[in-house]
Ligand SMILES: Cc1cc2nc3c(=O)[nH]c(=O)nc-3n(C[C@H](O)[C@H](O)[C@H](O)COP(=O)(O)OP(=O)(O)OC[C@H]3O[C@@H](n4cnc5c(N)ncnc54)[C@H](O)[C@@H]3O)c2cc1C
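Presented below, as structure tokens, is a lone chain in the form predicted on its own.
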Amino acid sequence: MRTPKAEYECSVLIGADGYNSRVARILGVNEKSEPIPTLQYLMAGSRLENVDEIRIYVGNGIAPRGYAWLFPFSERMAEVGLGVRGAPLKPYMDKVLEILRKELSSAQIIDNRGAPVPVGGVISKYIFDHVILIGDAAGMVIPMTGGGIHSSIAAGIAAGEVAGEASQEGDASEERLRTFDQKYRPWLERIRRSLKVLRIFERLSDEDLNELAEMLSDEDIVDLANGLNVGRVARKLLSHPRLAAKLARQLLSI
């Protein structure tokens, strides 16, 4: 591996260098997981009513095919952000700030940043001779939430174990490194199920989402978003005359 400063040799290279992975480019990997653009503001001087409350806002009028959030750090400091697909970020961020105007009227933006988050699932090929791509570089993010910290840590642990074993054995072939899939299988399944849930939910109207909010518990929502116990939540929705046909039966097929 050659960098601007030096050249390095290794038995196994773990490419954990983000969505625009340089390692992937060097390998000639053109496939990328579908991204959702995100924008977030760090705001100081807020007047938050509840600092123990994380807020998530969904709906086509506020964050098309994504969601907005408010993460309090203290009564006077908060992060406001959103991700949308198929629409410009800034106008919808302005809508979010208007919704939160009462609590953020005196707040100032002291930092802003944005980045693409891969929510299209794991790419088809991420293991090669001597190389394993993980994290955002491989699309190892929970699609419904865009959360990738836990899934990437798990991928790093699994890749590290496989790389260490392969190096000691003197076999860093793609076939040997494929044992990563066995170690990481539970997360691969969660990502797969969460992506299927996302594809179903992104077609729902705001009316559908409001009805879901009335029917589902916090636990149900967390499970669906994370690709867990999807069947249990689907069976709960079967009692709803409209959502049973529109949503529950599709979820049961996952």
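Keep in mind that what you see is a predicted model, and the values were worked out from it rather than measured. Note that residue numbering follows the sequence shown and begins at 1.
The same protein also has a form predicted in complex with the ligand, omitted here; what follows describes it.
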Exercise. Could you tell me if V117 has a non-hydrogen atom within 4.5 Å of the ligand in the predicted bound form?
Worked result: yes
Exercise. Within a 4.5 Å heavy atom cut-off, is V141 in contact with the ligand in the predicted bound form?
Worked result: yes
For this session: With heavy atoms only and a cut-off of 4.5 Å, decide whether R101 touches the ligand in the predicted bound form.
Result: no
For this session: Give a yes or no for A16: in the predicted bound form, does one of its heavy atoms lie within 4.5 Å of a heavy atom belonging to the ligand?
Result: yes
Exercise. 55-63, 34-42, 201-209, 221-229: which one contacts the ligand in the predicted bound form at 4.5 Å, heavy atom to heavy atom?
Worked result: 34-42
Exercise. Non-hydrogen atoms within 4.5 angstroms of the ligand in the predicted bound form: do W69, I134 and I149 all have one?
Worked result: yes
